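Below: one protein chain in two forms, given as structure tokens, structure 1 then structure 2.
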Structure 1
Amino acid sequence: MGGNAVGQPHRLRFLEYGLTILIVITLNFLLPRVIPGDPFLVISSQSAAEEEIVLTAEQREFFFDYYGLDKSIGEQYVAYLGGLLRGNLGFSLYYKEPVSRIIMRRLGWTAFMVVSSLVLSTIIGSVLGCISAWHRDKWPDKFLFFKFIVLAEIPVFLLGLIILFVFAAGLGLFPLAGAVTHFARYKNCWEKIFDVLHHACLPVLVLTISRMGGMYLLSRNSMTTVLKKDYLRTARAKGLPERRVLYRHALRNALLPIVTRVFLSLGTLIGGAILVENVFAYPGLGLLMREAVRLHDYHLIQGIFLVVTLLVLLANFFADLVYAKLDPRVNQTNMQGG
């Protein structure tokens, strides 16, 4: 669903996304049923460690009945789909709360982190990429290129760990964990905003750096290709000032692939966010997912997975729409094709 199907009519694309969503939901439904073992048994057989959940026989009975595990698989599937449509993602065994409510509470932090690093990395990465392309093979390009190749390859959680230990633990410049200071009393709302930003600084920075490399390489490539085009020679031949040629003619065309990448890279970025949240104990969905894994809270794990996947799919769909709007050539093929 990347670039290869861009020229297809929208209705077909819509169908494809629908199919993907259905597959994800079916996978989510089948996983606990196909894999050998019994989640309730796992929970009830474990020794009562500090925070483990232990189920009594009655509770076990209740959950079997509640999830309709004694019904046929077809009936279960229909019931599951119906529940999802009503926004029912299941019930968390540990938090004793509907999964959807827990997720809604945590989603904001993840979204804040992902969106801000998405914006920052896109701007910084593409600006540096363009500068690099304009000075291709001179020292600014060589310097930036090497630096970004290294940065692009360092895994995000390793980068996070070293930054955490150097800047927060070693130098004490930033808070070690969390998104706000606990039990803090703020004099005014500016102090609160400062506190939130201070906590978000390192996680956002790490996520930004990890994605900036890819953005930089993409925009450098894109700009280099555009710079070789005939219409730029024409623009120069018309006697336009270099500044106008670069910003009006080259930049506009070079930005096209960057815009789609903003949405398409969301899947990888969310994977990174999950790890970064765990490095900095940032209270978003990623941290929640690790807690859920540790506590064997399968409904919570699956709920988070479903929400994250749907968001990513939505972003991809949006990318297709934006691309069609931005690139007139796509619209043309659309008309011919459909």
Structure 2
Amino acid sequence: MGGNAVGQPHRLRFLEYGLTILIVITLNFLLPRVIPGDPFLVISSQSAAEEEIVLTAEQREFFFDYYGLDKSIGEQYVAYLGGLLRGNLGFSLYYKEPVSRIIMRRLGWTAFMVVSSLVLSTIIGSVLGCISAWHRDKWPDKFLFFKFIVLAEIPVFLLGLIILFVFAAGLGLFPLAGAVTHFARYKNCWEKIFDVLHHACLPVLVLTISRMGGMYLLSRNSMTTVLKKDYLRTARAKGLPERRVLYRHALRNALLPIVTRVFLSLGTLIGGAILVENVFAYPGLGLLMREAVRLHDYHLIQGIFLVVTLLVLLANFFADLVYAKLDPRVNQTNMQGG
């Protein structure tokens, strides 16, 4: 009975994830098709803008038949589900190659930016939040609190434009756009790594600053709650050094919501990365998504949205696992609920 009690919440959670994925897949299929216009009209005008050549009605009918877009919505949906079950995300109408291959080329850039900003914002925000809680209502706390409240009110795309104009266009310290220097010949791999990091500095900085405020406030509130516990008063009464009380006792117990927030924030980080990539023309999934929507590339839009959704759900799933691991009371609650 104990095994069934423990397993039932997990089965319910997997059922919830499965239902969420099915709903997302359905919306993912329908939304691109409600965009005004059609992909072949946009592609013809994009590819032949200078020559002013458009596809004839017969040519467009041929492409609609070739890609199966002349079928009913129901038939297209069934074919889409069948392709997903085989691991096929479709074929890009504009780039003329498999969607999975295009996404894999771009996913690495987005992952690098998101992971880098997540690590930096978590470390910096948590440390500053602990310092602020330790000096509660004193000038360090008031200064940091005011600073992060102001930064939290600035939209990420506006923050990106400000930093781009100041450090790239104004001071010329960083490149204006892109992820690497085009047509560059590197003498060794270290030069290439430096070039990649040089281009990534501003996008990662913007995304880090945009998420640092949330980590700071969470760390500050969590640490403030922990500092009021009886066992910390006992530690101080024993004459333990303040640094040991802060880092070994207080910080360790304040980490639970911070660690959980790391995984839960991946979803919002990916959303922020989409905006940042468009500001800096960084070649990740965000820039690719804008291109796909502009070109009405149905299959590419579906593939990007599905991959982003799966990444967010996977992050939430890991957050549940980590939270249950760090706090045994979660498992006890699940067993009682089962």
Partner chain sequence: MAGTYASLQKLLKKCREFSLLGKISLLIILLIFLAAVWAPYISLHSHKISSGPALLPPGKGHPLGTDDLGIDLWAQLCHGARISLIVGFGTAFLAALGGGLVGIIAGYAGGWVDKVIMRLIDIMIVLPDFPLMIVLAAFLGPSVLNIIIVLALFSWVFPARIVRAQILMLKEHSFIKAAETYGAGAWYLLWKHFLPAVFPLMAVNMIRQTGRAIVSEAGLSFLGLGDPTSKSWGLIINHATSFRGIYFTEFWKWWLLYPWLALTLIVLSLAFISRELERIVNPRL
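Note that the structure is predicted; figures quoted are calculated from it, not measured. Only the largest set of C-alpha atoms that superpose within 1.5 Å between the two forms is called the rigid core. Throughout, residue numbering runs from 1 along the sequence of structure 1.
The first of the two structures is the form predicted together with its partner chain. Comparing the forms between structures 1 and 2, the C-alpha position of F305 differs by less than 2 angstroms, with the core used for superposition.
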